[in-house]
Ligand code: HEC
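Quick setup: one chain, the form predicted on its own, written in structure tokens, and binding and motion questions come after.
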């Protein structure tokens, strides 16, 4: 199953247990299903241009929502740190040490 493969991706290792649950109950609903039109987890071409904009832009887009993505990606339980970690897991963005 695609969701299982996505959740076992290397970026998943950086998430704590709570964030892993947030990922599986929110992010993968769209980012692991090609039919949604959302950029897919584990598919670098979908993220190349987006990741070039940097983490701060990705965070703003996530918080405000973008195109069909709802504000906060439906994750009202997410903190800013959760969103940053989830963005890294979903997008595969390489972020310099914070």
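Just so it is clear, the model here is predicted, and its values are computed rather than measured. Residue numbers count along the first chain shown, from 1.
Keep in mind that the form predicted in complex with the named molecule is not shown, yet the notes after this line are about it.
### Task
Answer yes if any heavy atom of residue 68 is within 4.5 Å of a heavy atom of the named molecule in the model of the complex; otherwise answer no.
Result yes; residue 68 sits at the interface with the named molecule in the model of the complex.
### 4.5 Å heavy atom contact, residue 44 and the named molecule in the model of the complex
Residue 44: no, not in contact with the named molecule in the model of the complex.
### Query
residue 72 near the named molecule in the model of the complex, any heavy atom under 4.5 Å?
Close contact exists here: in the model of the complex, residue 72 approaches the named molecule to within 4.5 Å, heavy atoms only.
### Query
With a 4.5 Å heavy atom cut-off, would you call residue 48 a contact of the named molecule in the model of the complex?
No, no contact at 4.5 Å.
### Query
Mind listing which residues of 25 to 45 have a heavy atom within 4.5 Å of the named molecule in the model of the complex?
In sequence order, 26, 27, 30, 31, 36, 37, 38, 39 come within 4.5 Å of the partner.
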